[in-house]
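Next up: just one chain, as structure tokens, the form predicted alone.
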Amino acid sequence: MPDAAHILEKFAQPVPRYTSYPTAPHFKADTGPALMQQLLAGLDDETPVSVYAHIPFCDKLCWFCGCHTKHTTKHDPITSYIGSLEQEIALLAERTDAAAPMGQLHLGGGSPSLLTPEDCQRLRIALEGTFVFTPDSEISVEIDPSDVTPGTLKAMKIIGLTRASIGVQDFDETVQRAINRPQSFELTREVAAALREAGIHSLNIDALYGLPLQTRDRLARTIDKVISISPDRVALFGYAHVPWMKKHQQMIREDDLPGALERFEQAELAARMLEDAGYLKIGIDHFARPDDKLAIAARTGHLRRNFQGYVTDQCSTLIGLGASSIGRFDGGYIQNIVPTGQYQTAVANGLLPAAKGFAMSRDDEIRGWMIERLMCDFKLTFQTLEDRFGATATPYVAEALRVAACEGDGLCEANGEEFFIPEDARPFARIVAARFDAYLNDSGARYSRAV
């Protein structure tokens, strides 16, 4: 078993979460618009695509948040922004020859639960004009319980919600004050019950470890309460303290943050509690009931990883809508303009809001596939690598064998058939994945802690 204290000290350098490869800091500002046109031309009316729509508004600013969001106490900016999404969707329709089937739709933020029934009606009509919803289309929305009203539930029905993702973070009042996120357990439980009563039976709950003033005892009480709500899935993320990127995180006292070993022990404690309650661990930070689609995907080798974390989405194309959103295509990545006002100005002028892009090379494709499989399956099967990439896979197999041969801390191993991360070392999967990242050491980008 790897010595956690030794590993956390030796590999103290932060590494990416690997929700993409290459990671967003490597996207290039001079390739976005042209690459977007090229990638859109490859869509057809038979291959499903997925869509992420970013809603960058909150009615309160949580200090822990690492998302692109804006604080508003009025609904007018949201109404205006929905109009911009309608314009962007229309611009996409003009540049594609076919209406692709909708695989999955995810509304993230910000707080999409601020949307009114009228907002959702407009958004659904716009999407239906460009994509084809089918009975198999999965639609998920991130929900802040503090925003939920009877109108919210009506809005979610209009958009076609099939799975709700409820933000919790931590139920302890001391921790909540430290992150400016007041939210009672009773309110959260009531919202979960209301969603189920409205016919939304697939629920996910997001919880965090590594928060300011959080202790193992406080986290344990939160996880107990999460389990009592009986969600189908739980996402247990480590708080990413990146105040150089998110200025509002400067409101959090660094002295109040747990150290690296305490963070690790918090994550391990919460994981044990969830597994003891019958949840299966999926990847490094998700948990699901055995009959949930996420657990089934993990068992059958179909688990994927994208900007929402671990997903069942098998679509090779993910179109990003809205300010700051990122899309993935077979040939590369596109990120939209980040500042909301600039994004809205671009689409109002008839311009696709692509700000940055990255055209993937064959090396990027292979390394991206290897990193995704390590993050999802904790192993690389050499035969699968060769079947997928042919003779070009040979040097990558050799590289994996070299990485394993140089390993002295028990984080990875290899034999003639596969490269793998032993079960006890899986919490450190990001450290292992980083060894196949060709850009990591050449980048000035700053990331969050590995665990």
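Worth saying up front: this structure is predicted, and the values here are computed from it rather than measured. From 1 onward, residues are counted along the sequence shown.
Form predicted together with a small molecule: not shown, discussed below.
- Only one segment in the set 184-192, 104-112, 83-91, 347-355 has any non-hydrogen atom within 4.5 angstroms of the small molecule in the model of the complex, and it is 104-112.
- When the small molecule is considered in the model of the complex, Ala240 lines it closely, a heavy atom lying within 4.5 Å.
- The shortest heavy atom separation between Ile284 and the small molecule in the model of the complex exceeds 4.5 Å.
- The small molecule is not shown here, but in the model of the complex it comes within 4.5 Å of a heavy atom of Gly167.
- By the criterion of a heavy atom within 4.5 Å, Asp206 is counted among the residues contacting the small molecule in the model of the complex.
- The partner is absent here; in the model of the complex, the one residue of Thr381, Thr312, Gln249, Gln176 having a heavy atom within 4.5 Å of the small molecule is Gln249.
- Only one of Leu401, Cys67, Leu43, Ala393 lies close to the small molecule in the model of the complex, with a heavy atom inside 4.5 Å, and it is Cys67.
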